[in-house]
Each structure stands twice: as C-alpha cells, then as structure tokens.
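Quick setup: one chain, the form predicted on its own, written in structure tokens, and binding and motion questions come after.
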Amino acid sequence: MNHTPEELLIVTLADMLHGDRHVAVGAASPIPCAAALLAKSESPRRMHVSILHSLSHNPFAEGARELFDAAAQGRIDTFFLGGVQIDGSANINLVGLGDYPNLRKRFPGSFGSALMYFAVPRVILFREEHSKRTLVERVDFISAPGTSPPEVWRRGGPKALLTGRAVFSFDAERARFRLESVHGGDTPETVAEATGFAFDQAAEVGETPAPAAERLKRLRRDIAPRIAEFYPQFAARVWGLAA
C-alpha cells in the first residue's frame, strides 16, 4: 500500500513511543500528534496522550503551565521538540538568526523548551526539513542545550532526531548524533550532503521501514479524522479530509 512522506514519519515516530505511559505534544505539531494517537491505539497498556492543540486530548485547564508542572514532577515520559536550527550537539534554536541581540530574523521564542529538555526523560527532536539551513554545525542561539556539564542535574534530553530524510539516535556522552536509517530515495551519502554537522553511522544503515498496510488503514480510518478536529489543513492536505 502506498504511503505519503508524512505517513512514514508518523509511523516511525509511533514506533519510538511504544511502552510510554504519558506522551505530551506541544503546539504546531500535527505529525507528532498523529504518532502519539497511533501509538496509543496500538498500546497493550494504558497510555495517556496530552495534546495542547486539542480540546478532547488536553487535560490541562491552565494549558502550558500545567504541562510544565507535570514535566517537572516527572509525570511525562516523552515530549517532542524542534527548532529553526538544530546542531550536531542537539542544541536547538527557536529565537532567531544572526548574532544575538542584533538578530537579522526573530522567531516566537523558546516557550519552555529548555525546561522540557531538562525535565522530560525522552525528548524526540523532529524537523521535516532536512537541509544545511536547518541542521547546522552550530546554532546561532541556544534556546535549549542538548547536553549539560556533569555537575548540572537534568532528568532528560534528546534521544533521537527524525527528519524528512533520516532517523538519528543521540549519544549524550559524546554529544553526537548517529545515523540509524534513511528514508526511501536517500542514502547515507545524500543525507551527509544535506546535513550541516558531522555525525556517526550505525554499522549497517538501512532503509526506514515503510508502514505496514494494516497500520496505514488504522491511521487513515481512526487517527486521521481525530487530527482533522484540530489540524484541519494538515488533514485535508495529507488525507483529503474536508477542512
């Protein structure tokens, strides 16, 4: 069964969530949202999914403030972060481009990303665009650091990076990514050419597994209509559902 690039990313992220008790998803994240709901539908154990952009999947009466409290209390297993820039040490930039404070381009800001990066045990970095513009050698501004000195306490940090081209794991001790698989049509060489930082490679870099037919059916039948409730434009573009 044919799949879209977005569906491959959704299923790949869902595979990373199996076994979690509580997955939380922030704003502007339709693909992580779909992945979390798909993983929940497949989980043999109770999985709680909190989605800030959803009324039906948002248990927080006070929004992000309660989300941050839950993370600080250790009640969230996995969270997703992205960035205008992500570098080879897993630092992310959500503030702007250029030399701070004289930025040539300003973005909305960090909005609690540093807290979540430190407090949530497993953070999955996600960025559809895979280019030297987004995956850089060094971010212009560190909104949230990928690693910390030994004397700095942190419960969490980056475990993986998923892009529109590949899957990377992250070694916190070495502060370095490792290429695990490439999506169909890419090779380790094309991924390296499109990446602004150096990275290691697994002994065997295979192709990211395509979604099984039954999982695609479940995604399209059960999950897509729920995503359409709070990301109608995404659901219309990917699945043709009425916005």
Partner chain sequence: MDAFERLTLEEIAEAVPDGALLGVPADYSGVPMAATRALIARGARDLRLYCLPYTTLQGDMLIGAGCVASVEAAAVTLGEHGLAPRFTAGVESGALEMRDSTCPALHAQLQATEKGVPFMPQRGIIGSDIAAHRPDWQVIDSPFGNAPDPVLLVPAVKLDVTLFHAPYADRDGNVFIGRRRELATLVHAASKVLVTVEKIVDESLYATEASAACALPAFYVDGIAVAEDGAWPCGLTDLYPPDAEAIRAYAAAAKTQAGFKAYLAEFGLAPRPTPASQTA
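Numbering follows the first chain given and starts at 1. From a predicted model like this one, the values you see are computed outputs, not experimental measurements.
What comes next is about the form predicted together with its partner chain, which is not displayed.
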Only one of these stretches, 121-129, 140-148, 161-169, 74-82, has heavy atoms within 4.5 Å of its partner chain in the predicted bound form; which one is it? 140-148
Ok, 29, 43, 208, 58: which has a heavy atom sitting within 4.5 Å of its partner chain in the predicted bound form? 58
Would you please decide whether residue 197 lies within 4.5 angstroms of its partner chain in the predicted bound form, comparing each non-hydrogen atom pair? no
Mark residue 109 yes when one of its heavy atoms lies within 4.5 Å of a heavy atom of its partner chain in the predicted bound form, and no otherwise. yes
Partner proximity in the predicted bound form: residue 65 to its partner chain, non-hydrogen atom cutoff 4.5 Å: yes
Would residue 133 count as touching its partner chain in the predicted bound form under a 4.5 Å heavy atom rule? no
Going by its partner chain in the predicted bound form, which residues of 146-162 come within 4.5 Å of it through any heavy atom? 151, 152, 153
